[in-house]
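As C-alpha cells, one chain now follows by itself in the form predicted alone.
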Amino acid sequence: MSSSTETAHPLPPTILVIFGGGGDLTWRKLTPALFDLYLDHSMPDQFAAIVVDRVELSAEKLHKRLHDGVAKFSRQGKPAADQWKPFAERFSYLAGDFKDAQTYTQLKKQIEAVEGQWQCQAQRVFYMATPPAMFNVIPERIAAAKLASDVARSRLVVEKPIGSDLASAQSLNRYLAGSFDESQLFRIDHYLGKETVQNILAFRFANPQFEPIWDRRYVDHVAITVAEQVGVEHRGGYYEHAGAVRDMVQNHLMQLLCLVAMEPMVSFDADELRNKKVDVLHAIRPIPHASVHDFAVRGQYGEGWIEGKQVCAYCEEPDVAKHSNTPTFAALKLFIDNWRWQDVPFYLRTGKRLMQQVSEISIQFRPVPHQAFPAQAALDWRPARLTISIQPVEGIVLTFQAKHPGRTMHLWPVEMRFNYRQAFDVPSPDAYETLLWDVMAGDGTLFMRADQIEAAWTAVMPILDVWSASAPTDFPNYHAGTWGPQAAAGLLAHSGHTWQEPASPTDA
C-alpha cells in the first residue's frame, strides 16, 4: 500500500485498458488521477491507455473530453499545453461492442503493437468503468481472447457495486474466478484510498499511547458517520434499486468499521491485512430477522433547506418513483463478538440531504471508575472522545477534561486538534491516485477480496430482507437539511448514548 504516490522503485511498463472509458468515471476521476500521477513523476516511464467504448470517437474528440475533465477535477488545476500534449499522446481509442469478440481481437492487436514499439512485455490492467451488467461479460471475453493469460502481468479492476445482495455477490465472484485468479482481481472501494482512512492504521498501530486502550475495557462505544448534503442528483435510476445500505453501508462504512476494529497485523502484507478485516466481519453478531427494528433505522428525505436553498423531496427527484420506498438514510447498531470488542456497540449512520457533508469516526471512552471531584466541579463534564475526521477536513480531534483557570476546581472540556494539511503542508492525493498507483504496483492491500465482500453482505442481509418485506409507513420521515429521522436518535438512546455533533479539525 502506498501512503503517497511517491516511490523509490519505478513502475514497470503498463498498458491500461479502460472499458467504458467514454463515461463519467473516466472523465471525472480516472484521467485527472492519472494526470496528477504524471505531474508527480509517479507514472511508469512507458505507459499507454486504450479507451474502449461503443460510440465512434476520434482521437481529437477523446483528448478534448479528457482535457475538460482534467481541467475541472485535477487537484493540480488546468493543465498547461506543454504538460498536456505528451500526456494525451499516451491515450488511444477503440470503438467496439463489449459483447463482440471482434472488439477483443482488435484490442489484442493494439496492445501487441504498443508492446512491439516498447520491445517488451507490459503489464496489462483492464479497468471496468462500465455499468455492473457488463461485469458478467467483459472478463470472460478478455480471457477468451487470451489477453490476461500471464497471471503475474495482468489485472482486472472492478468498481462497486459487487452484487446487490449476498447471492448476486457470490455469483459474480464465482464468475470472476472462472476467468481470473484472485490475485489478479482488484475490487475498488475508493474510500480505502483516502489518506485519512489509511492513516487509521498508522494512528492505531504506531502509537503506544492509544493501542493499549483500544478495546472494550476503555471504549464505551464507536460511532461512524458518512453524511452527504447532496441528494441523488442524476443517479435516481440507480439509487432506486440500491438505497442507503447497498450504496454506502455494505461497502464504505463496513470498511471503516474493519479498520477501527481489526486486530494488529503481523506484517504489512496485503493478505495479512485483509485476513484481519475478514475476521472482524465474521465476528459481527448476526441480527435476527425478528429484531431488525431494534438494530436498524431507515429514512427517506422530504423537502427542506440546505444552506439557504430549498430542495425537493426524494420522491420528486428525476427517475424516482412518486411513492418510492427506497431509504436514503440508514442507521445501524452492531456488535462484534470477540475478546477485544464484546458488547461494545458500533453505531453506523449514513444518509443523503443531511445537515452537512462529513465523514468521521468517533470513539468515546468509558468514564473514570471513580469520580473524586466535587459535583459542582464537573457541571460541564463531557466524555473523553477521539474523533478521526475523513472529510471535508482530514485530521484528528481528542476531547478531554482540563481544569478551567480560577481558584476553584472546575473541569472543562478542551480539544487537541491535528490537521493533516497544516501538519504536512502538502495536499493529500486523491483516492484514485493512490488506488491506480497500487494497481500498477500490484499491491492489493487497499482492495477487497471475495470473502470480504461476501462477509459484509452477510452482515446486512437480515436488514435488507426485512425492509424489502415490510414497506415503511412514515416516508418521508426527515426533512432535508437535518440529521435524519428521530428514530435514529432512539437507536442510541436505549443504551444511554447520543450522536455527537461533528468535531472537524478546522483550518482556522
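Numbering starts at 1 and follows the sequence shown. Predicted, not measured: the structure shown is a model, and the values here were computed from it.
Not on display, but discussed next: the form predicted together with a small molecule.
- Shown here without its partner, the chain carries R235, M248 and H252, all of which come within 4.5 Å of the small molecule in the predicted bound form through at least one heavy atom.
- Proximity to the small molecule in the predicted bound form, defined as a heavy atom within 4.5 Å, holds among R153, H190, R90, K333 only for H190.
- With the partner omitted from this view, the residue of E228, E240, E303, E195 that lies near the small molecule in the predicted bound form is E228 [heavy atom within 4.5 Å].
- Note that among 321-329, 96-104, 259-267, 240-248, the stretch whose heavy atoms approach the small molecule to within 4.5 Å in the predicted bound form is 240-248.
- Although the partner is absent here, K352 sits close enough that one of its heavy atoms falls within 4.5 Å of the small molecule in the predicted bound form.
- Taking non-hydrogen atoms only, H410 never approaches the small molecule to within 4.5 angstroms in the predicted bound form.
- At least one heavy atom of Q391 is located within 4.5 Å of the small molecule in the predicted bound form.
- Under a 4.5 angstroms non-hydrogen atom cutoff, the small molecule in the predicted bound form lacks R141 among its neighbouring residues.
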